[in-house]
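Encoded as structure tokens, the following chain is the form predicted alone, with no partner shown.
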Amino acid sequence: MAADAPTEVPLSEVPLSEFDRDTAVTRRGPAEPGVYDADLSAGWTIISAVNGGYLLAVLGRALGDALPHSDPFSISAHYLTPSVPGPAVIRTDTVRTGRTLSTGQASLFQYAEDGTEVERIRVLASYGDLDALPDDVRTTAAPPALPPVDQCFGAGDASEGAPPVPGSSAITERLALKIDPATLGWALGRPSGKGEMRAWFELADGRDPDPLSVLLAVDALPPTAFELGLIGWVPTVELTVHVRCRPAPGPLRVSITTRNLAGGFLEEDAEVWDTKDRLVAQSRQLARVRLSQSRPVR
């Protein structure tokens, strides 16, 4: 029946951006309310899995359509199993709706080789209207001191002296990262021992940032574990992002720090700043590291 035909969730503008196309979701018909189909792109993989920030943006788009409010304010994700490129199903549920905030949850599923359904990610989020927030800002936070873009290094430049890491690096082709040289000791075989990473962030096709691409930005830089002398995959266990305002056009500045690695886990705290020197997003994630894969800190 025509009433049950799948409906692609409309984007805010013509989807010229690869990010918009690859995070698109299709709403199923009324017989399956709150259920969306997605196709996870291989273009956003790193080492052996689909990037966690990209996945969060896919789920974020589905929740923005399912809930009465469209902008993510706070979104927390638990990564249960590694996602792979290919078809996925997202099931959303509205937990609560209010005048200024809505709360929803969502899970992303894929199918194993034997046909059984596997849950990859589970998300709980609060949504609202970023444009309705008051302008009053009182903060002691300050933008990171990054060199000009032309004095920073792209992902390809940064990896020239780094130890080879087997697997996919497809995501680097979709990002225009320019990394602060002060956080590139790992690429030269001289990790600083400081858990810091800073970079200018843009999508490679020039698409301006929005709340969904900010969900990607907090998880798009090389892991801070590299500057601690560790190499290899650093899979995310849990990631929480707070979006504070709608970003202005232009490149974002992303700063990520780690203060504690213990028991094979570390935290990463990220801040995202826009061209108007506004703190547009903050995040914290818990990630697992492989302590057997390390190189000396100098």
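From 1 onward, residues are counted along the sequence shown. The structure presented is a predicted model; accordingly, all values stated were derived computationally and were not measured.
The form predicted together with a further copy of the same chain is left out here; the points below concern that form.
- Mapping the unseen interface onto this chain, residue 17 falls outside it, with no heavy atom inside 4.5 Å of a further copy of the same chain in the predicted bound form.
- Contact check for residue 45: every heavy atom lies farther than 4.5 Å from a further copy of the same chain in the predicted bound form.
- In the predicted bound form, residue 206 stays away from a further copy of the same chain, with no heavy atom inside 4.5 Å.
- In the predicted bound form, a further copy of the same chain lies within 4.5 Å of some heavy atom of residue 122.
- When contacts are defined as a non-hydrogen atom within 4.5 Å, all of 93, 105 and 266 contact a further copy of the same chain in the predicted bound form.
- The chain is drawn here without a further copy of the same chain; in the predicted bound form, the stretch among 97-105, 197-205, 215-223, 178-186 whose residues come within 4.5 Å of it by any heavy atom is 97-105.
- Here is the short version: of 84, 149, 133, 170, the single residue with a heavy atom within 4.5 Å of a further copy of the same chain in the predicted bound form is 133.
- Contacts between 224-257 and a further copy of the same chain, taken as any heavy atom within 4.5 Å in the predicted bound form, involve 228, 230, 237, 238, 240, 242, 244.
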